[in-house]
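Included below are structure tokens for two forms of one protein chain, each presented in isolation as structure 1 and structure 2.
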Structure 1
Amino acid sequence: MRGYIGVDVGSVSTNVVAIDDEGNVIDKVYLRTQGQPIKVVQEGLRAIAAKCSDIEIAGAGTTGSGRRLASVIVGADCVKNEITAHAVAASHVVPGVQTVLEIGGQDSKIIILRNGVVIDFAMNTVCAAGTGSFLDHQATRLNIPIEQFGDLALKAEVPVRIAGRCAVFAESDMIHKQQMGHRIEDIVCGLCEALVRNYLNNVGKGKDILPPIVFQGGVAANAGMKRAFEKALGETVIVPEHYNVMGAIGAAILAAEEVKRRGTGTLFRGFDVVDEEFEARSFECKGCPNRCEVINIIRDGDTIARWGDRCGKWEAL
């Protein structure tokens, strides 16, 4: 059997999936990036390899903010931005999807599709108030495991109104409501509604949000957020089964497309990469006042990639 690997290295989580020729998920891994993307990508591949012993890997793709780094580790056939990857995955899972709401660790995006084609998209600009990192932070502060956050929100009776415009104001608003004696469920639910309001005003501004609507990304695990979206939009919101690894699924599908288009073999370096020594070293280039921070990616003592310079003089090895 043939399979394709997709790797999505995000700010908060790193996801690795293996899919078959039909795009069905064979196995998936969701890991926290924890500031160590190289190690986590290797860890993810190791976990996937265990399930793929009798599968021939015919292609690999990477996406997410660490897509370039991941691509040199795994040997990617396709390195794509996360908008394209998420859109491709959503159309695969829910054919005819017209709106994709995606909320990840540090950014959130909306993708508008018509007839299977992306026609518009937006990402959060200067504000991360509605993203997963903020929810994470609030959950920690309230001493609630993030996994229970959403279910708690569903128990709310009278959601309190929280300012969603800014993470700092939202936090002080929450503290205020909590000191006033509001129930924690109502506060948590109010927070979900505030984040949705902020998302729709900011990221979704001026967008024509039509069903079917798919909600994906790590935050889609939060049932409170799903319900808040449904309440605000007046539409059913679909959370796909593999909502938290959709980027990786998209990367794998794109890799399969690319390998077929190109007609040559895959660049995937095999599961042995999990045991290789990778190291990243950086230095400040003093060639000009830009003082670019240049990163060297070293595999078993050899520099295999270099980036970070604006002028490109270090990029050629």
Structure 2
Amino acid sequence: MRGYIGVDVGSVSTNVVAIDDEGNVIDKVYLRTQGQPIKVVQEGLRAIAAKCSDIEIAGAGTTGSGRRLASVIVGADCVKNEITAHAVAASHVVPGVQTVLEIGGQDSKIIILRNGVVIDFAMNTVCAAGTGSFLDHQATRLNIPIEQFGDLALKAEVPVRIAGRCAVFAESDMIHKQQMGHRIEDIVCGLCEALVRNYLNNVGKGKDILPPIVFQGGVAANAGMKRAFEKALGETVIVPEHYNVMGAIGAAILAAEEVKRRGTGTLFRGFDVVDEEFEARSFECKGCPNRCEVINIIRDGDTIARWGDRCGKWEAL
């Protein structure tokens, strides 16, 4: 049996999946990045290796904000941005999907597809309102386990209107509503609806949101957010089974396609990389006014990759 590895390295979470030739998930690992992407990628690969000992790994792909770093560690056959990876995964799970709503730990994005091709997208990496980290913070402040946050919203009787245009205003308004004596269930539901309004008015502004609509990313676990999207859009919103690792699934699918297209075998370095010593160092190039920050990736004392310079001066090892 052949398998393909996908790695999605984000600022909050790092996801590693293994899929088979048909794109079915063999195993998946969802980990907190915690500012240590190299260590966490190795940890994810170690966990996947335990389930894939009898599988021939025929390809590997990376995506996410740390995709270049991950590609050096694993030996990636393809390195793709998050938009492409999420769109490919959504199209695989829901053929004919036309809209992808994706909300992660620290950013959110919308992807518009027509006939399987991405024709438009938008990202919000500035405002925290509506992201996983903001919801985590509010759950902690209310002393509610984040796993119960969405289900609590479903128990609302009269959702409270919360100002959701910004994280600071949303939190202040929630505190005010608590002080007025509103039920927690109504406040939580009102917050979900406010964050959906914020998403649609900012990330989704001017976008033609058509069904089928797929909701993915860590926040898709929140049933309150799913219902709020359905209420606002008047459409059914689909949450895939593997909603929290869709980027990694997309990277694995793209890796499989690239290896088959190239026909020269995989660049995957094997699971032994989990025991190698990697280190990232940076320096400021003073060769011109750009003052580029150049990143060195060092393995067992040797520099194996560089990036960050605009002119390419340092990329040639």
Partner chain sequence: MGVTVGVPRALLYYLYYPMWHTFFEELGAGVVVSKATNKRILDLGVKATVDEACLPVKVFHGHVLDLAEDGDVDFIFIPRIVSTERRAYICPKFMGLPDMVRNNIRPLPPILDTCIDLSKGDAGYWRAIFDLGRQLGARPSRVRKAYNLAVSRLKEFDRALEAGRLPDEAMHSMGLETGIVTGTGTRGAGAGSPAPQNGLPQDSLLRGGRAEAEAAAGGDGDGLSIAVLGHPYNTYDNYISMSIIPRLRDMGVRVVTAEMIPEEITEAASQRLRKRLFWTLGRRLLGAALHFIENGGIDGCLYVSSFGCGPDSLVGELIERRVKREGAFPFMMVTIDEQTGEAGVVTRLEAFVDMIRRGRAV
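Numbers given to residues start at 1 and step along the sequence of structure 1. Computed from a prediction, not measured in an experiment: that's the story for all the values here. Each form is matched to the other, and the largest set of C-alpha atoms that superpose within 1.5 Å is called the rigid core.
The chain as displayed in structure 2 is taken from the form predicted on its own.
In this overlay on the rigid core, D309 has a C-alpha that sits 2 Å or more away from its partner position between structures 1 and 2. Superposing the rigid core and comparing between structures 1 and 2 gives a CA shift of 2.8 Å at V294.
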